[in-house]
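Taking the form predicted alone, here's one chain by itself in structure tokens.
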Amino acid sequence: MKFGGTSVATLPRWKKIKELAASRRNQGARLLIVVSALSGITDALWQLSLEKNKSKRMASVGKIDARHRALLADMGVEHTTLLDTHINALCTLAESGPSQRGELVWQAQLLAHGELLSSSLGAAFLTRLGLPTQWLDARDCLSAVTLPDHNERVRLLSAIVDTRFDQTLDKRLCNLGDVLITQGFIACGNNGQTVLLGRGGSDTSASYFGALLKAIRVEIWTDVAGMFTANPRQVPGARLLRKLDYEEAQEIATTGAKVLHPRCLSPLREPRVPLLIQDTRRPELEGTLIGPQVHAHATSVKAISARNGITLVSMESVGMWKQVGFLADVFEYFRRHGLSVDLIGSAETNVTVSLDSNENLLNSNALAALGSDLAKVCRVKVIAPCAAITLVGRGMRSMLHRLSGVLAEFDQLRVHLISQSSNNLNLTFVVDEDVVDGLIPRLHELLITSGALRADDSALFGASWESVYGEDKADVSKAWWHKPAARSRLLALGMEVTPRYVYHLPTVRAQARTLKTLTVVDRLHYAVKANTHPAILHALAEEGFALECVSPGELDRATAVVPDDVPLLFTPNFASREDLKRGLASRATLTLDALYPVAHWSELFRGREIVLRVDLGRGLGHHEKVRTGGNGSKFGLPIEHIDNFLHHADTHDIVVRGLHAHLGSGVLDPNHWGEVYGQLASLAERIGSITFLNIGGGLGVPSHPGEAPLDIEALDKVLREVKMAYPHYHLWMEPGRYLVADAGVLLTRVTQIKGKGAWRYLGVDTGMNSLLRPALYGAWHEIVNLSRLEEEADGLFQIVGPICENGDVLGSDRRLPEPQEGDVMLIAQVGAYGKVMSSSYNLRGDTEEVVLKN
């Protein structure tokens, strides 16, 4: 059990250590507790080692002594000879300075005292509380080995320990007692010298002991619950990583995560000793378990990490092409200057490498000296400050097809280097350091929405940082169908007939009332195409919503269901002349989005007021097929055609009363609508006849676990800010999926299970005929076994339907309880674009709809 600096710095933390140690002892384990120095002490000792003035060094020792004596008094321990011994030794070292021993030897001995002092306190305190604890000198157990390329600095300050199982050590420690406490960070070198294991070496010490003793487990107790999918300071929605294999954990630790020192994992691989990271303050949290590779998981990005302080060295020479030994000569200079190369990119005439300031003592003198030597063989360019952004996950190359949205984020950035690791565990982008803080949260969100980071797999991913540690923890209530009464009704409906769509009207009304809190939106139109069920149209009309239709059929449905005073908006695309005539004959306000109708059918619109839909030149959304802006989209009038459109309109007495833009669906960034609002208002100022602006819909609904919901309060704030600049325009919106997606579920039953190699297929009695979105968009919907909702989800399945298409997949790599034929399955968030997109393909018949009013 290893405890870090913050975990040993106060009396309450030591009491927690006692509780944890006692619980392990009560489980029948023998314990070896490894401790770091009190937080801040190693830094104080480092500053002491740099001090040239002896009296100032002695004053520093006095402060360190006082810090430990104060904690000893808090512990209720009057005196410990062991602490006196180490304080006296520290005084001697501070008084003598480095002259007698050599600077590096002296420095190693000096810095070792942080752990010697903390472990002395711990032994006395735990024993006083009734847990007899034997103090152990780590230097009697851990022996450093010297490798050929180790210089004196590495040998003394960043040593490596032999970790072959030591049966003699195991027996010796057994004879000392059941609970032992020792130091992290220190070991014994040649000639009995004290050596250090490098900063963060206490984690490594625990692993060395774990390997030497073939421990049941190594536990790293720190101030966080484990490793997360991103740095929580940048991404509050980052998810806990419940399980990792050694290699993945090492990549995450190496590429930026500070929870675990990268060197601590290598010793544990051969003896296959698992490592568990847990939070000292909250031991009830499950933590991250790291162990041998587990194959029963779908490939997934596990984390995105970033390292600042990266320096690139670009070396270019025509002479390097096919020159034997050129790289050997170049890297000899790096070795000579003690610089460790991280990433490498090569071309015929260029080699670019990165240097990590965390692993190298980088300063202008070191880089100048390196550059001077390299200039003998090539042209040198240094690029800094940079940052390395790394995606980590086993099988990275097999996930490239899911990363298109992620890669697109680098479009406007300077990417200096891209590296894909040879072990297929990471993909790294080196960019300018100043873009990282804003980029990481966006990339994390895109990884989840693309399915590359499979946050839905509960076996791999746990709770978000926000939900565990957030000061204002949101009450994330479960979907309506989780409630016992609703589940019972759904099970009964599913046992009667499947497939069946079921809609929950209270959820529709709740979403409608949430949107009505947008204080500056003058009219909300429900996009009828999302779900045309009469009960839903009627409910939304009662909630004060207007309706937006895209076809004569939708207009007919709307006019048949809702009262005559409910406003209608008709926004067709590539509509025929007849469709437009039918729209004009209704009470709906008409939107045009092309030049052709006013140029060729102008008499239809003479004397009319219309809305003009424009293309603002870009598209957004969760999939390319729902991005409705830009040259690749068929929607909207290009801005460069507006003057021509207005000319035709003026010629035929057509008044453009409104402007409309809708760039795509599934948008979760509130700023998007503010940007659309501002652009439309700017265009409206040019036109002169505009009285209202329609900023579209596309309000996103989180589907993947870990996705942050759209912040409606933030959206309202954004819209209010734009409204202040353009108060004379009425504001319209046209949400669809946001209102109805969560209200609908699709019930279907298990038909059979099939195994093919490592794959397991779970067949159900409907497929893409009822729900097209997964096949069409790659859309992700939560799928649960409603019959076994409380059972452990320990199987990995591909959920498929009976349609004669290989694309008939409703969900890939879903973790579910072991199913049985006839189990009722529930597919969530299908209230939008579910039934309305269904078909009778394969003549499978219609899918019934049921409405729950309460």
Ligand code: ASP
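Please read these numbers as outputs of a predicted model, since none were measured by experiment. In this text, the rigid core denotes the largest set of C-alpha atoms whose superposition between the two forms falls within 1.5 Å. From 1 onward, residues are counted along the sequence shown.
If you look for the form predicted in complex with this ligand, you will not find it shown, but the lines that follow are about it.
For a residue to qualify, one of its non-hydrogen atoms must sit within 4.5 Å of this ligand in the predicted complex; all three of Glu115, Phe185 and Gly201 qualify. Partner contact region in the predicted complex: 193-201, out of 193-201, 80-88, 388-396, 711-719, criterion any non-hydrogen atom within 4.5 Å of this ligand. Though the partner is left out of this view, Ala37 does reach within 4.5 Å of this ligand in the predicted complex, counting heavy atoms only. Not displayed here, this ligand is kept clear of Ser60 by more than 4.5 Å at the level of heavy atoms in the predicted complex. This ligand is not drawn, but in the predicted complex it has a heavy atom within 4.5 Å of Thr42. Annotation: Cα of Ile220 displaced by less than 2 Å between this form and the one not shown, core superposition. Once the rigid core is used as the reference frame, the Cα position of Ala44 differs between this form and the one not shown by 2 Å or more. The two forms, fitted on the rigid core, differ between this form and the one not shown by less than 2 Å at the CA of Thr255.
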